[in-house]
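Single chain ahead, written as structure tokens, the form predicted on its own.
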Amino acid sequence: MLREGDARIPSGCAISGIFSKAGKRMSGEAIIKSIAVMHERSNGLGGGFAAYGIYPAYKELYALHIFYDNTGAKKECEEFLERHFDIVNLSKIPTRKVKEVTDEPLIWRYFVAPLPTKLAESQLDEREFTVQCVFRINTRITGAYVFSSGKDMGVFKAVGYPEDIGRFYRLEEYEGYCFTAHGRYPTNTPGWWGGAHPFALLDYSVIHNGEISSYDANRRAIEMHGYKCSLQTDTEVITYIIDYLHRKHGLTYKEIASVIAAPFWQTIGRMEPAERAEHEYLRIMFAAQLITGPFSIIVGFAGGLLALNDRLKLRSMVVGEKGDMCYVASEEAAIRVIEPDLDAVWAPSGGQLVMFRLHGGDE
């Protein structure tokens, strides 16, 4: 008889997020404890974390986390970085030996600012300049992969179970106001270090439980706007869609939720005229960014955290609050293990946006 862990679990993958609305910086130990509760939802082929507020000494610089297959790729990438950025600091990302985490690549981080001369030549703003450099490294330098590129934040991911990966990266030594975590159960792509979640671009990071049936349509549409989908995974596409809608089109996160998990047309038809007009506009203008299929996602960004289910709520997600602390996870047990005495706990409905911001932050 098959036992739990011996068979494919179609609804597998675990997600968890912790956020302090007061901006209180906390250790990464709690998020490791939370994701470990959901061990059976993943299969050891990928896991990872995103952390915000962890680099206060370099908060005005882009923190590039990069995997290298070999020293040749590292040399070529560093020559590219030196031509385009002022490298203020560089080092290996601290790790510890963990027997469950094997075949690690070279893992380095760089705190950088675009060179003014290069930025002027490009005629781009610094965020778009940085994005284009990230895509160039990931598509043109064999053996180099930038997996994190935001300010005052970082992604830490690998092949393995997430609790082992947290120990590998010594996550308990970091302090931040927001942490997210993912335990992977890949169904369509192989497990490898770059393919683990979170996926990130600039300060946007996405962890995802589900399977996007609209992947090909979403990928083709987003690539028309200059994005490079090199990993054949739906979570990468979600990350680029959020960047495209928020950074390039200036949509609010509420509007973004109404694009990627748009209400059904019959629901829109029952809305009041002003609300109906807004949703009709979003559905028509951004039809190619509608995501279909079962999903629950947690999105981290500078100063905030959002969570969203698909319209039919085909994946589980629970939210809890305690004072200024906010929690999101696939299972309530993953919240209770770090905060047993919650002020409120609920399961959002399909397509319902849940968002937390730092006190005083923009809505």
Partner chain sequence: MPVNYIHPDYEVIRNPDRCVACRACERQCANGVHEYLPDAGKLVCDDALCVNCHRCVTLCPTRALKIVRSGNTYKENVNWSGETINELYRQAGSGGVLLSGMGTPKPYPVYFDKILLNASQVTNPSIDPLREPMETKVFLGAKPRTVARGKDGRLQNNLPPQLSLSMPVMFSAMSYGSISYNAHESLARAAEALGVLYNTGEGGLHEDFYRYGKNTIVQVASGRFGVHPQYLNSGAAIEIKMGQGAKPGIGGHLPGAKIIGDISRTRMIPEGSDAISPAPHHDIYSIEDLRQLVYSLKEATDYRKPVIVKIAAVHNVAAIASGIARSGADVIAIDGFRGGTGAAPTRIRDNVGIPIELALAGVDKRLRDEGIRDNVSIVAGGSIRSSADIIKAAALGADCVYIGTAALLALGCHLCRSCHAGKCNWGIATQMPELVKRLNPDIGYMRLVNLLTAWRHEIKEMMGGMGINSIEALRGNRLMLRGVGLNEKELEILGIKHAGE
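Just so we're clear, the structure is a prediction, and the values are computed from it rather than from any experiment. Positions refer to the first chain, counted from 1.
Note that the form predicted in complex with its partner chain isn't included here; everything after this is about it.
A.B. asks: Using the partner position in the predicted bound form, report whether A120 sits within 4.5 Å of its partner chain, counting heavy atoms only.
C.D. replies: Residue-level check for A120: no, no contact with its partner chain.
A.B. asks: Heavy atoms within 4.5 Å of its partner chain in the predicted bound form: does D216 have any?
C.D. replies: Taking the distances in the predicted bound form, the answer for D216 is yes, it comes within 4.5 Å of its partner chain.
A.B. asks: L314: heavy atom within 4.5 Å of its partner chain in the predicted bound form?
C.D. replies: Judged by the heavy-atom cut-off of 4.5 Å, L314 is in contact with its partner chain in the predicted bound form.
A.B. asks: According to a 4.5 angstroms non-hydrogen atom cut-off, is G320 in contact with its partner chain in the predicted bound form?
C.D. replies: It does not: once its partner chain is placed as it appears in the predicted bound form, G320 has no heavy atom within 4.5 Å of it.
A.B. asks: When its partner chain is placed as it is in the predicted bound form, which of 84-92, 276-284, 106-114, 147-155 ends up with heavy atoms within 4.5 Å of it?
C.D. replies: Of the options given, it is 276-284.
A.B. asks: So, a 4.5 angstroms cut-off on heavy atom distances: do all three of A221, L251 and G293 pass it with respect to its partner chain in the predicted bound form?
C.D. replies: Yes, because A221, L251 and G293 each have a heavy atom that approaches its partner chain to within 4.5 Å in the predicted bound form.
A.B. asks: Looking at E211, E78, E128, D164, which has any heavy atom no more than 4.5 Å from its partner chain in the predicted bound form?
C.D. replies: Flagged contact: E211.
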